[in-house]
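In the block that follows, a single chain appears as structure tokens, in the form predicted on its own.
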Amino acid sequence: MQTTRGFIQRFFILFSSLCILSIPLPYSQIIDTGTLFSPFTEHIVLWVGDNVLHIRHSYIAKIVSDATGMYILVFINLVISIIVSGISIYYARKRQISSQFSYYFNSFISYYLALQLFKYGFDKVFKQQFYFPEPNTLFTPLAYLDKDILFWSSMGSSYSYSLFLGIAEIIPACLLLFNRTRILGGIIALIVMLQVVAINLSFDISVKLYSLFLLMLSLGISWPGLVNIFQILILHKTPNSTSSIVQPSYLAQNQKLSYVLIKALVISLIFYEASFKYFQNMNFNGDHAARPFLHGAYSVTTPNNNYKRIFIHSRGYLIFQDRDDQLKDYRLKCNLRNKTLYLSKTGEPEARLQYQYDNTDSCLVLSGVLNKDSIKLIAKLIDTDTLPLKRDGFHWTIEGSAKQY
């Protein structure tokens, strides 16, 4: 039993450390070791994929969210952790990891998990993750939407729910920063991450593997508390004090000032990393962020053509919707000086469309050659603020909801 527990401890420590160090994340102020090591790790991933798993040239070796390269990296970390943990427990005189090391490692993964929860939580509070649907999504029939876009759009239509989800992630993040509330924070984080994993798996959202990793960290942090709860509620026993990770006693006596200063610095860095981009752009609501020129949905009024609507996407795309509701997107560059739109798409020649836009009646005119066809389209901007999805109405009764329609 002691050997099994020692193996699990070593495996959890090694596997968690390898994943934290090797998985690239988009930090702005903290050193991203995953990106720093990526030239080396991606080379190893490519070699393992080609020579061990024999999936040569049929996968993405780059370590990005839910790419095959990411799965191979986690598989490599898993194998290394099992082998090294097995060798370590075989030759170790003491089967258990020291309480002092356990405390520091538990603090390390708690800070790491808190950072991720703060980042995702602030993204929801400031509506950067679940943003209001883009114009083309608004006018795409429900049956044509993928499940992940459908979920994203539904969440983005409600600021209050996005705020609720963000706070639900920020609360355990705060609790994880302090030893006395860490286990409670881990239990709440475990509940939050269970919901996140369920959503990612159910709606096919492409952060499945990383969210499972964060779920594992939450379980590891909350485990002593879960054991105590099991002993109290199920076994009706007094909790075993050895199941909790206790702060080393010398920290309460000697070197306390240094410990407090270092901890304050680390916590400040976590908050700075998680909130820096919002203060940098002074944007605390993604739905109110500046949009590119001509952004919006336009209804085509030109008779006898196959186009129904035109959309200008905030990320630099022009999208055509035909009469059968099929969408075709082009990468967009706009030259304001000569009033020209440059459209590019893989496999097609670059198109140049002249545009005219009248602010008085919100009318857009496009003319030129697109995919060897001459076009001239007149389209009028659709006021998306009047759409039912944009309404923020709330009703306690069904009668109040019915009156709205």
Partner chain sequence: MKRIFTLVSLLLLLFNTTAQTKIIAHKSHSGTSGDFSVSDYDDNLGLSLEFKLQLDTVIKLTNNSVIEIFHLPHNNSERIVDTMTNHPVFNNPEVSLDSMKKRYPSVEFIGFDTPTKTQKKSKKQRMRASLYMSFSDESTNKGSGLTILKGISLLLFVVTALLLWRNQARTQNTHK
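What you see is a predicted model; the values in this text were computed from it and never measured. Positions refer to the first chain, counted from 1.
A second form of this protein, the form predicted in complex with its partner chain, is not displayed here; the remarks below concern that form.
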Discussion item. Tell me which stretch of 375-383, 40-48, 338-346, 362-370 has a heavy atom within 4.5 angstroms of its partner chain in the predicted complex.
Written reply: 338-346
Worksheet entry | 4.5 angstroms heavy atom contact with its partner chain in the predicted complex for A143 | no
Worksheet entry | I23: touches its partner chain in the predicted complex, heavy atom cutoff 4.5 angstroms | yes
Discussion item. Does any part of S58 reach within 4.5 Å of its partner chain in the predicted complex? Heavy atoms only, please.
Written reply: no
Worksheet entry | Interface membership of Q280, its partner chain in the predicted complex, 4.5 Å heavy atom rule | yes
Practice prompt. Have a look at Y71, Y210, F230, F105 for me and say which one sits with a heavy atom within 4.5 Å of its partner chain in the predicted complex.
Written response: Y210
Worksheet entry | The unique member of N136, S85, N77, S162 whose heavy atoms fall within 4.5 Å of its partner chain in the predicted complex | N136
Worksheet item: Which of the residues spanning 289-319 lie within 4.5 Å of its partner chain in the predicted complex, based on heavy atoms?
Response: A289, A290, R291, P292, F293, H313, S314, R315, G316, Y317, I319
